[in-house]
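In structure tokens, the next block holds one chain alone, the form predicted on its own.
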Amino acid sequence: MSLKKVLSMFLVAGVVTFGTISCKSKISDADLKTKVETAVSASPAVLVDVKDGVVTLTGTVGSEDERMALESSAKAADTKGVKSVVNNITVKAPIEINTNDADLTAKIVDATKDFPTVKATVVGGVITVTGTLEQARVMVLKQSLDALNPKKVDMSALVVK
């Protein structure tokens, strides 16, 4: 065999080997996003975005532990495809439920002062609304009562005109 043929074969083998190594299949951002969304699907309030392998998480969760767990899940979704994770998830402060009937009863007086056809009572932290009210004003009343942070606002006995 001539030296030219041997060198040519080595050159071709080298090009094929280098081409195979450098053409490794890289996961697309869309596929990576799907993997990460599946990994964090337990928290539907969290959104996932991926650009060039960098995963960005946004949304709101109830605790710092949950926030960090979601970041770990995103990293673990594809350890080779995820270059980094930007964790923009915020932790919302828990709402303290008011179960003090006397306190709620006192606050209801102010919340319902603009609704003379409505009566509200409190039992066990649950506000029950009775009476009649125009459809256009129902949402305003509901928001006023929800702002008191009771266990529940029951408006099922309210007659809406």
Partner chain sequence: MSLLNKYKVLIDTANASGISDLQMAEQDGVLQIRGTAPNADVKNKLWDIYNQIDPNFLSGDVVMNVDVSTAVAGTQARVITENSNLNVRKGPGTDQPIVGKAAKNEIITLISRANSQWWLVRTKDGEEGYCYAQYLEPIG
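Everything numeric in this text was worked out from a predicted model, so none of it was measured. Positions refer to the first chain, counted from 1.
Omitted from view is the form predicted together with the partner chain, to which the following refers.
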Inset, instruction - Spell out, yes or no, whether the shortest heavy atom distance between V109 and the partner chain in the predicted bound form is within 4.5 Å. - result: yes
Inset, instruction - Give a yes/no on whether D114 approaches the partner chain to within 4.5 Å in the predicted bound form, heavy atoms considered. - result: yes
Legend entry - Distance check, I95 to the partner chain in the predicted bound form, heavy atom within 4.5 Å: yes
Legend entry - the partner chain in the predicted bound form reached by all of A30, T34 and V40, non-hydrogen atom within 4.5 Å: no
Inset, instruction - Enumerate the residues of 141-160 that have a non-hydrogen atom within 4.5 Å of the partner chain in the predicted bound form, in sequence order, or give none. - result: K142, Q143, S144, D146, A147, L148, N149, P150, K151, K152, V153, M155, S156, V160
